[in-house]
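Let us start with two forms of the same protein chain, each given on its own as structure tokens and named structure 1 and structure 2.
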Structure 1
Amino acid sequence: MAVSTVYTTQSLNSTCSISTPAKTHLGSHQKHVVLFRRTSKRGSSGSCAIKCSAGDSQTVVIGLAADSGCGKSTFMRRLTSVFGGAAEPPKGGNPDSNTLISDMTTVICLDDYHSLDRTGRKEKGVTALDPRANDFDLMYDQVKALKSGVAVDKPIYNHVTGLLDPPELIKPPKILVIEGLHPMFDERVRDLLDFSIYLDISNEVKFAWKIQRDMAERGHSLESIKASIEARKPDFDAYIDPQKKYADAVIEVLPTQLIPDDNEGKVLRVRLIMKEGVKHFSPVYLFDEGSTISWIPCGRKLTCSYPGIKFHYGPDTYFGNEVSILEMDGQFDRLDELIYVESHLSNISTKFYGEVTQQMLKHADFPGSNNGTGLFQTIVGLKIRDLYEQITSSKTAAPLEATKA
């Protein structure tokens, strides 16, 4: 929303026709000063417009890294829902576009920065996980441009045909989310991120999820799914997995410890690993920050069905960084379990009591809505909203400080 005031000077002969500047999506802090100089010659409408934009239109950039089939899309839908509205592909553009746009957020899929298309990768014998298949220079240039408020023409990687389609125009949004395999791989791109998340799915859970996803497809069998995971594993371990040490928040999904010898993968143990000392981000905690606590909410006040719910919270180190880990094992069966748990978590950045529960219920059909994956994804979404509000309020405060000084 841009507010523009237009000043006109009266001129004797020429008719005044003032055109308002085109609506820009450059964020609410962008100020445009447009000067029109009008000549007094009749019949000519010589006017020159000098545009100077004052103020900073900083876009907040969030990075989300995860392997294919690990819940990035679900996370994106939850995240955009926290900000309000549903994110949709750009209207009138390529129907196979991977981009999602809502009022406040734009989600860019980093597959669009593949430098080799499917045939190119097959010829060279590289996977999409390999950095050689991606153009990091273009990724850096475009993310930097969007962050400073400049629209870009981003290529489209068509997942159906495997080709690189003609580019689409992306206007800088208030919040830019880049999701894919390599958001934190390149150091320059990493420095542009205001917040980064990594979804770390353990091998057993990944296998179970991929079986659920692919068994309905003709041609797939357990062996083919297993072969596919194992063939990609070396590249995944070499290029994707190391990104987790750079992430500000890691959502780790493991098989449950509540059911001995469980191999169904339905009940999950989810750990939210939050880095300490990140600007504008204060970790979620149980009971008291920095202490270690194990908590089973089921008991007299709350009755849960088998296998129940178990929480754990404590400080730890993760790849040399100080972190706090909040862990949930088990499943929610009823609404009151969810609200009970929410009332005991602190620093969840909700705007009203029960917001986490409300968000989880709104998307009760999404996968993971009854366990820690949905809960922690929702909480991270709220923390990102809080981070965005802190960044934008500090940006408006800074010019005021400068004028006072």
Structure 2
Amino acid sequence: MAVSTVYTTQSLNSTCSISTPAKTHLGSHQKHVVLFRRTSKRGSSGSCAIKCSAGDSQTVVIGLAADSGCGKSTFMRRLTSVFGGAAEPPKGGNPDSNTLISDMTTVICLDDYHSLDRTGRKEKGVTALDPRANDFDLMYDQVKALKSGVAVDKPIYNHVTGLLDPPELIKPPKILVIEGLHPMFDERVRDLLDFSIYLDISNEVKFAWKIQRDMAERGHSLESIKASIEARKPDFDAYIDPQKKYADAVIEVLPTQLIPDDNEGKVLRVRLIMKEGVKHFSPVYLFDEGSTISWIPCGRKLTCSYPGIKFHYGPDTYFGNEVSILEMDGQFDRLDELIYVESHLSNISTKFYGEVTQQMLKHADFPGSNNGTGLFQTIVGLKIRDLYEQITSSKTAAPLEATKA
């Protein structure tokens, strides 16, 4: 039997949430949330007409895909910082909520759309990466609703207990970021994205990062981490990695080429792969757009200890798409000198000279702040801000043009 709940928020007039059970791929059930706006004329009887509403919101949806332990959380902190305000869990809600809310952004973890809890996945013999363990119908319905300016009751997957907790109310933000394993897997969800990013971490680097995170922060043993990686690899190769061909931007993290036969993984080579022809997005370039350039910036204006720093920029193809690639190999000794590199980059969508350097210094304690991961995450964050401003400006201008016509 359907359950109806009425919400009243500042951004929405009297809004009805109707939850109906929907069968998932493996036979368990979740609630689909369909929202309607109630309207009634003054002086009419108690009944009212109910109609679907797109609301007045102009929510821009960003998708971020990556495997577990690949830097999504750090990227989210850099991104939300660009828009201002600290990203925090919903106030007064579940302390184990995965959602982060700031002044302009709401970040939803797509783990919340697991259709099976940890025990259920074990019983069915599937990993969280397997599409059958996730409810893409509900994911699509709720992302579409939020993009249309309608609040939803989003489920919560509890990473501490491994259980599916009661849902939480999510109101449509100005910018919605959906991050996790499958933001580009389902074509319906993919079509809702205004911009998409894939974090592509090489196996060597991924292993080192996952050990650091899961051992230090989650108390996992080295043996359990190794077993988890091996168990996930077939599903990662089948369901997660192929999504990068759909991404508008890919941040690829590889071992350095500056140190022969390097096995430590402390120095990284990072490539920012930017698809050409994406609406509201112009790729970053070094010195001269469309040229092929190698640049060693070390010298009087940039301090470089061994093994130094090397940049490369040029056009290329990626899964059949024309792309521009900006690459950095090595790491910074002094972040305050990053302004020298920033001054040679164009199309970085800063609002003032030195904004990239300022953001990097502001989060100097974040992982990757001394190499290309932090630099390119920061630049992509600024590009997303510019994309949001272009989209909202075009939506605002459209009604004015129609009025003039």
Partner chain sequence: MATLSSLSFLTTRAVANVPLPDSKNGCLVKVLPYLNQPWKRVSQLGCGRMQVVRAAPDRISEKVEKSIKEAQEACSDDPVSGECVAAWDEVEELSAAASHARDQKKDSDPLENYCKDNPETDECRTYDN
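Numbers follow structure 1, counted from its first residue as 1. Under this definition, the rigid core comprises the largest set of C-alpha atoms superposing within 1.5 Å between the forms. All of these numbers come straight from a predicted model, not from anything done at the bench.
- Only structure 2 matches the form predicted alone.
- Taking 2 Å as the criterion, residue 342 does not count as shifted between structure 1 and structure 2: its C-alpha moves by less than this amount when the rigid core is aligned.
- Once both forms are fitted on their rigid core, the CA atom of residue 224 lies 2 Å or more apart between structure 1 and structure 2.
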